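One chain is shown next in structure tokens, namely the form predicted alone.
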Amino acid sequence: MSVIEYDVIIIGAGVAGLTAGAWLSGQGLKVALVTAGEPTACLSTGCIDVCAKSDDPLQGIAHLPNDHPFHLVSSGTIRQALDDFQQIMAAMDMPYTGGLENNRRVLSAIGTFKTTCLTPVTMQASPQNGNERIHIITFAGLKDFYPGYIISRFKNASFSTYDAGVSTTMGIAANFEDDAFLEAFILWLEKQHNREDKIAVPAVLGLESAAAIIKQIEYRLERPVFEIPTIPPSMPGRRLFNGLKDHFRRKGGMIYWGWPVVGVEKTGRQIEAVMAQSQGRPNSLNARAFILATGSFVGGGLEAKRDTIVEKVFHLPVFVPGEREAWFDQDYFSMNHGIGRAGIAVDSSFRPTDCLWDNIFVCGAILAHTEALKNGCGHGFAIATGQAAAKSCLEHIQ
């Protein structure tokens, strides 16, 4: 069995875990990230939702319920964390636009609008109402995009179809990285002689070069072009994950990919190590502190049993919102499902409450009382709590 020493080990490779890991690595610490597989960030729109309860994200946070964990993060830390994020993504050639002053709307694949705070620059020209004149490009065989739904909501919209030779979002995005394919696509677009004010394309404009690709198309067509997020899996979500992952590695962080945690070693009030499995071989990853960022149910951090909910790595106490019959509203589409409040309750330093160990910190979607869908607290919440938990972790080990 191998034994590897670190200052901090983070469990979970989502936005919260990568944010915490990169920040700590930037402070000169030796950091490792352990993950069983791909995070849910790859399924997301790639947008950074802070709080959708108000046009002003910070004002929306102020009006969240008193037990919401966003109240544990100062407005200064929220602002700094999002500024850092935008600088990171710009350095990775995946710039984001927007700011904490105002939320904005992004057009979805079914013609509705999503409220968010920061968006990839490829979505910057997304319309803010249904009156704008847009022409939508779809691709032959693409199943994750529905231009007919969008046109039914936009009285000044039309669409046309391009045959990219493949029909998956990943396959089309890979094609756009080829200069010859991009040139052929632009020539086809020019011949369409579309008269609408903006051109909309499903979010398939490249794997890592989307910002440059969309700029080239805009230059040739002399009008704004914007991506529309597709049904998951999402290229903007994958770009977001890849950008944060690459930044973490550039900062010196180590990622143990496909290493599920299968055990924990502890002494007194300290966690000493986690046991991770790799190709049937146990590995002891030792550290001075640990950050749990495994996400909620979708991310695999929480598991619902018959009459309770459990945290799967450290078996921390989980806030359970009443009896099982109170976990779900009768309306499937309701935003008030009680299970949205389930998770790990933490104190002001992001340590879990009623915990037997002093060197564990928690961040991201696994936190109790978050209700991410109801409050529109997505990746922005993960970024802010990731940095806040990292700062508390650093204070603990110094």
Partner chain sequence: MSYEHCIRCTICVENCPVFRVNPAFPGPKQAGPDAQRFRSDREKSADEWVLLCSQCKRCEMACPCGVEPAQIILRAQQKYGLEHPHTAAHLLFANNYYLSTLGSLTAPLANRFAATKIGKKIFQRMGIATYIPFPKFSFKTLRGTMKSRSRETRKVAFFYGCFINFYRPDIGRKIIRMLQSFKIDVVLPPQWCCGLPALGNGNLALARSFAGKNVASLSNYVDAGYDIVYTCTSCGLCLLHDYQGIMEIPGAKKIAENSYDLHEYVLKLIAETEIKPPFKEVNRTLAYHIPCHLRALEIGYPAANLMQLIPGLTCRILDDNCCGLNGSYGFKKINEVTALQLGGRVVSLIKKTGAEAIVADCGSCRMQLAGLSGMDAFDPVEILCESLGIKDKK
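Residue numbers count along the first chain shown, from 1. Computed from a prediction, not measured in an experiment: that's the story for all the values here.
Unshown form predicted together with the partner chain; subsequent notes refer to it.
Proximity to the partner chain in the predicted complex, single hit among Leu221, Ile309, Leu182, Ala174 (heavy atom within 4.5 Å): By the 4.5 Å criterion, the partner-contacting residue is Ala174.
Among Ser234, Ser296, Asn194, Thr116, which has any heavy atom within 4.5 Å of the partner chain in the predicted complex? Selected option: Ser234.
Since only the chain is shown here, I'm wondering whether Ile110 would be in contact with the partner chain in the predicted complex (any heavy atom pair within 4.5 Å). No, Ile110 is distant from the partner.
Since only the chain is shown here, I'm wondering whether Leu394 would be in contact with the partner chain in the predicted complex (any heavy atom pair within 4.5 Å). No, no contact at 4.5 Å.
Tyr256, heavy atom within 4.5 angstroms of the partner chain in the predicted complex: Yes, Tyr256 lies within 4.5 Å of the partner chain in the predicted complex.
Answer for Met170 alone: is it within 4.5 Å of the partner chain in the predicted complex, judged on heavy atom distances? Within the cut-off, so yes.
Can you tell me which of 65-73, 42-50, 358-366, 342-350 lies within 4.5 Å of the partner chain in the predicted complex, counting heavy atoms only? The contacting stretch is 42-50.
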